[in-house]
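This document opens with one chain alone, in structure tokens, the form predicted alone.
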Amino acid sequence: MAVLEMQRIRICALKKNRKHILELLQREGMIEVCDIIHEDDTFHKMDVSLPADLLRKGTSLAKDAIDILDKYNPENKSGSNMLKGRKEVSTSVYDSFAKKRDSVMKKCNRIVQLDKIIAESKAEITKLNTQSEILQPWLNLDIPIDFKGTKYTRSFVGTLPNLWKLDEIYQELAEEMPLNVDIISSSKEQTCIFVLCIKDKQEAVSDKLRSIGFSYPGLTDAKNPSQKMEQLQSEIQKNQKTIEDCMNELKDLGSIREDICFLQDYESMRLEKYNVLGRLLQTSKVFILTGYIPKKEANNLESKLNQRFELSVEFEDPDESEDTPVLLENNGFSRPIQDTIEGFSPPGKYEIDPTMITSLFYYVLYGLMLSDAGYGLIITSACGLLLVKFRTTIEETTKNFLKMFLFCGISTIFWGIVFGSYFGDMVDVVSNTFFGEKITIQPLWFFPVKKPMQMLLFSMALGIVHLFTGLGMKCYQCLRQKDYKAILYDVLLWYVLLGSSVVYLLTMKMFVDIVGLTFILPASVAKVSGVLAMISALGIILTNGRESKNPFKRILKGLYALYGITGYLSDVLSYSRLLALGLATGVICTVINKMAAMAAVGAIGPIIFIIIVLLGHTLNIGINALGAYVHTTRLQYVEFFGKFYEGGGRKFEPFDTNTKYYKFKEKMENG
């Protein structure tokens, strides 16, 4: 609804109170700390790089420990747990945690160490299993694989490719007799053999074996394969026992999960504080903190600080040239869309907060795209129930998300009633299938499936209203900046051109017949609108390049600006997606209902009917609700914002307790 006015704040206080002051400011979350003033011979900044690095490591260590516990000893988390938000604790809990911080840190290190041991043991088991697989074909060999022979003999232990028979091997080595050949094992891929020959024949036998593809195995050991296999299995069991012991220890350490979660938040808060500490200007006795604060919060914070500490607080308005942060404030109806605005970009200098107007169109357009009263009732009921059930614990971001879909659901119910869609034609199908008499709930306006052209015309008309509202927002911004020329040249001329073009179309019989209107404006209106369109077009050509001193460039820029009317045409056509998505929802509903009705035969027919309806409509509402969300956002970002909004502002980032698991009460117990 508004961009909050910011003020510069300067706090000068005694250094002995620095810790307590920073903790109060952090919990209040009202100030964005900035370097508005700089170092000099008296005031300097503190180097906090070393403690900040240690705190980052501590935060990372706690996060890693939690991830490891979740991997080996996961908590039972339901969907409702995500809506319960962070656990609220008092500041005394935060202060007392310092005593056991080191103990929890050691246990985090132990958790990370256990995870490393488990990973190393698993890798070792994989390696041992690979060696066992390689050794498997040699188990029948009762001598070591690297056996080279005796004083008078030479042995060859290795493999031949493919499957060989004993007589085939002897035939290949016949010229080198006497010798002995044993097949240890064989398969289609390889044949494991043991060859023993007299020492005088070893070179000839070796050459012959190589000629038929002989190769030595990848394993060598002084033990025979059976003994080696026993050793490998023993080592595998030892590593498995190590993993089991580590898992049991991790299970026991799971009891301190809450302490580890608190440690992560504790270190994160301290890191935030040290980052601010490094931006303070300090002497040996005092320090100065500067930044920005919303003007509406200034007196409140000043009062809290003066009640607890001896200090000086000064406020002043920022200069026009300053990069002042942007903080938006909106009511409960529009606040859910604020995140959508900030997702695009906060308002830039001199721009207004478009959240209120955007929220009105957002809910309307979303409802039109889904436009089914049954689906809207499901969305509204689900969001409303969650908001009520978790109203005291739900986080603000999640709350806004649910509220956005609550209002979108209400809009969907409205448009579903207007267009007579209740889970598509569910009422017709159920009444006709199970009661033999078709009952139809008539729409308040018309059925879009039966009158698609009328729906298309309505969609485009709504699009024109949306775009004209965007131009109106631009007019308001120019009025605030007292840029009256821009109001005339960049807004009013476009209003006249676009409005007269629409009126001119309504005087054309071909256009009226295409869109199915029952009236046509007289030719005299066409002449007036044509003249107005020409005058406004000429005005755009002459004025939209007014920043150029060169007349030729000015005209060229004006012609280019007039070419922008094609952009308005494409923007209006973009609103045909209201028809497309609305029809898609209705048509898919109808198909699902007909499929269910066709299957509703026999004694179990009603059960099959219910199953098809539940599965089909669940899938349909999921797909089309997501599609409506995406396309509604696109219409805001591209078509609507393109007429007046540039963004580029810097979001207000206060010094705050940006924690994940816990939040702390505002009341301070120290100072």
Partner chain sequence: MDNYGIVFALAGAILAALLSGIGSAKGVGMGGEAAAGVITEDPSKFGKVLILQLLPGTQGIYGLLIAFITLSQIGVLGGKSDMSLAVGLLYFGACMPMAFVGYYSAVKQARASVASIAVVAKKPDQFGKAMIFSAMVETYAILALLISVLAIVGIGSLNI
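Numbering follows the first chain given and starts at 1. Being a predicted model, the structure only gives us computed values, none of them experimental.
Omitted from view is the form predicted together with its partner chain, to which the following refers.
Visitor: Of P452, G254, G218, G472, which one comes within 4.5 Å of its partner chain in the predicted complex, counting heavy atoms only?
Guide: Contact residue from the list: P452.
Visitor: Using heavy atoms only and a 4.5 Å cut-off, determine which of V638, I604, I36, I611 is in contact with its partner chain in the predicted complex.
Guide: So the residue touching its partner chain in the predicted complex, by this definition, is V638.
Visitor: Which one, 623-631, 42-50, 22-30, 64-72, holds residues whose non-hydrogen atoms are within 4.5 Å of its partner chain in the predicted complex?
Guide: It is the stretch 623-631.
Visitor: Using a 4.5 Å heavy atom cut-off, are Y422, M426 and V515 all in contact with its partner chain in the predicted complex?
Guide: The answer is no; none of Y422, M426 and V515 reaches its partner chain.
Visitor: Residue-level contact is defined here as any heavy atom of the residue lying within 4.5 Å of its partner chain in the predicted complex; does V587 satisfy this criterion?
Guide: Within the cut-off, so yes.
Visitor: Is R577 close to its partner chain in the predicted complex, meaning a heavy atom pair under 4.5 Å apart or at it?
Guide: Judged by the heavy-atom cut-off of 4.5 Å, R577 is in contact with its partner chain in the predicted complex.
Visitor: Under a 4.5 Å heavy atom criterion, is I540 part of the interface with its partner chain in the predicted complex?
Guide: Contact with its partner chain, no.
Visitor: According to a 4.5 angstroms non-hydrogen atom cut-off, is A382 in contact with its partner chain in the predicted complex?
Guide: No, A382 is distant from the partner.
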